[in-house]
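One chain comes next, on its own, written as structure tokens: the form predicted alone.
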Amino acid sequence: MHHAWIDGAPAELAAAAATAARLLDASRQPVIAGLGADVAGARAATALAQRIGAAIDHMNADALLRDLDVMREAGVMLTTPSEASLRADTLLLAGPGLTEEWNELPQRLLCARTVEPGAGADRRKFWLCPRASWLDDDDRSGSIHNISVIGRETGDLPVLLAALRARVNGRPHGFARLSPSFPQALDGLADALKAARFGVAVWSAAELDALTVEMLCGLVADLNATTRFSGLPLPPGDNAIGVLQVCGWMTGFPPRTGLGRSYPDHDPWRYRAARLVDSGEADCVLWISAYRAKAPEWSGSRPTVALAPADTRFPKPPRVHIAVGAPGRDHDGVEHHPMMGTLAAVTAARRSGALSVADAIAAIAAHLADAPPSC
């Protein structure tokens, strides 16, 4: 049995879908946000956005666009988690949030042993500026075993990376903002990185700004002049990379793209969902969060159609709430596989009768007024 609600009261799926369609039809500036869905759900959402002239934005677009900005402006050298796990003899972890973004990091990288011929069995591990509270947590002591830690606060990371990049290239540097013990530690780290047979720098753009990511990618490029080094940005959750790829092949742009003109229009500021809602520009929201029971965090209040798990708690009940299942848990799907670094099929772990996002959107689209697509 499908679960749906209209203004907080239980309703039949057909009635909820029809009400959602009326809200979207009447909207002058709809926005499709959250976008936590598999490939089929992302394709259905993007096609719906084209039909109704909506803006599209992913809940993790901030982190997505930081990495993408660096890729577009400066270039990056990337590897996959699987290749890093098998081949890397040296790891450079940068900044906080790594275990939060990838809870398998200790098992897959920190405790794994390389199979690179001639590299030795144990990999060397260095961590620049993990969060101080992370280091002070006694429960983490086993996770940081055999990791050389330099710096504690995230704010020191840009300066550390700049100094490290200078030392890797044999250039002088100043240490006005650094601890007196850092110069010797950085010189030793620079030597270790240059001696790597296959090194990997790991970071999460959810915790770093674009300029820090660019500095780290520049360090990776410098190291490749004499050895083999690559980067491993940890993908944000909620299938953010999968949705990014869908948006790319369907519109030519990443999320934060408007489809209300005769062509797709990408503008990270203009089409940020939270800004559209808080400013009052958006007059209707379709919120999608299939992977977890997450509600939007903006302060503005606009009529909302929610495609989210039944137990999602909203500050104010959405006008329409249609319960959906999670890909890989309630139904089969295709999503970005973090370990392989590409799209892959996932099979339902405990198949249920919950709707997929694609099916829920199809139910809504069946009640929309006929109109030519906006682009």
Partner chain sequence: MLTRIEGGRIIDPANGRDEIGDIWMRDGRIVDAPPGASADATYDATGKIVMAGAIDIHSHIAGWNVNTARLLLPEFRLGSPARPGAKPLSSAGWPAFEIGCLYAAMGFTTVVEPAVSPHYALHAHLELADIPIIDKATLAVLGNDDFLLGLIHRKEDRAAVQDYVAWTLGATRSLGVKVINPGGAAAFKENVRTFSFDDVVPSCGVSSREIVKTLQHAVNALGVPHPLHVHCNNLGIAGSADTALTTIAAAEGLPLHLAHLQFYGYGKEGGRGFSSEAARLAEAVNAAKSVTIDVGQVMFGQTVTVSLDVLRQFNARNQARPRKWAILDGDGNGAGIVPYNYRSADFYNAVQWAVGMELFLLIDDPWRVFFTTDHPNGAPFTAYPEILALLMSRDLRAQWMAGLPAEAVAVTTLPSISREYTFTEIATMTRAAPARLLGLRDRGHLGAGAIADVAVYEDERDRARMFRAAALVFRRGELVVRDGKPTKQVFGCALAVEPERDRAIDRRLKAYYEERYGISDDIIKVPDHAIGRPAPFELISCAH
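Everything numeric in this text was worked out from a predicted model, so none of it was measured. Residue numbers count along the first chain shown, from 1.
Just so you know, the form predicted in complex with the partner chain exists too; it's not on screen, but the next bit is about it.
**Q** Is H173 close enough to touch the partner chain in the model of the complex, meaning at least one heavy atom pair within 4.5 Å?
**A** It does not: once the partner chain is placed as it appears in the model of the complex, H173 has no heavy atom within 4.5 Å of it.
**Q** Does the 4.5 Å heavy atom contact test between T304 and the partner chain in the model of the complex come out positive?
**A** T304: no, not in contact with the partner chain in the model of the complex.
**Q** Taking 4.5 angstroms as the cut-off for heavy atoms, does G75 touch the partner chain in the model of the complex?
**A** Contact with the partner chain, yes.
**Q** Does R43 reach the partner chain in the model of the complex if we count a contact as any heavy atom within 4.5 Å?
**A** Result yes; R43 sits at the interface with the partner chain in the model of the complex.
**Q** From the candidate stretches 26-34, 339-347, 319-327, 306-314, select the single one in contact with the partner chain in the model of the complex, where contact means a heavy atom within 4.5 Å.
**A** Partner-contacting stretch among the options: 339-347.
**Q** If the criterion is a non-hydrogen atom within 4.5 angstroms, does every one of V39, R197 and T226 touch the partner chain in the model of the complex?
**A** Every listed residue reaches the partner chain in the model of the complex, so yes.
**Q** Heavy atom within 4.5 Å of the partner chain in the model of the complex: which of W127, F253, W102, Y291 fits that? Just give me the one.
**A** Looking at the other structure, the residue within range turns out to be F253.
**Q** Report the residue, out of D156, D267, E83, D283, that has at least one non-hydrogen atom within 4.5 angstroms of the partner chain in the model of the complex.
**A** Only one listed residue qualifies here, and that residue is E83.
**Q** Within 4.5 Å of the partner chain in the model of the complex, which residues of 232-264 have a heavy atom? Give them in sequence order, or say none.
**A** Residues within 4.5 Å: L244, Q245, G248, W249, M250, T251, G252, F253, P254, L259, S262, Y263, P264.
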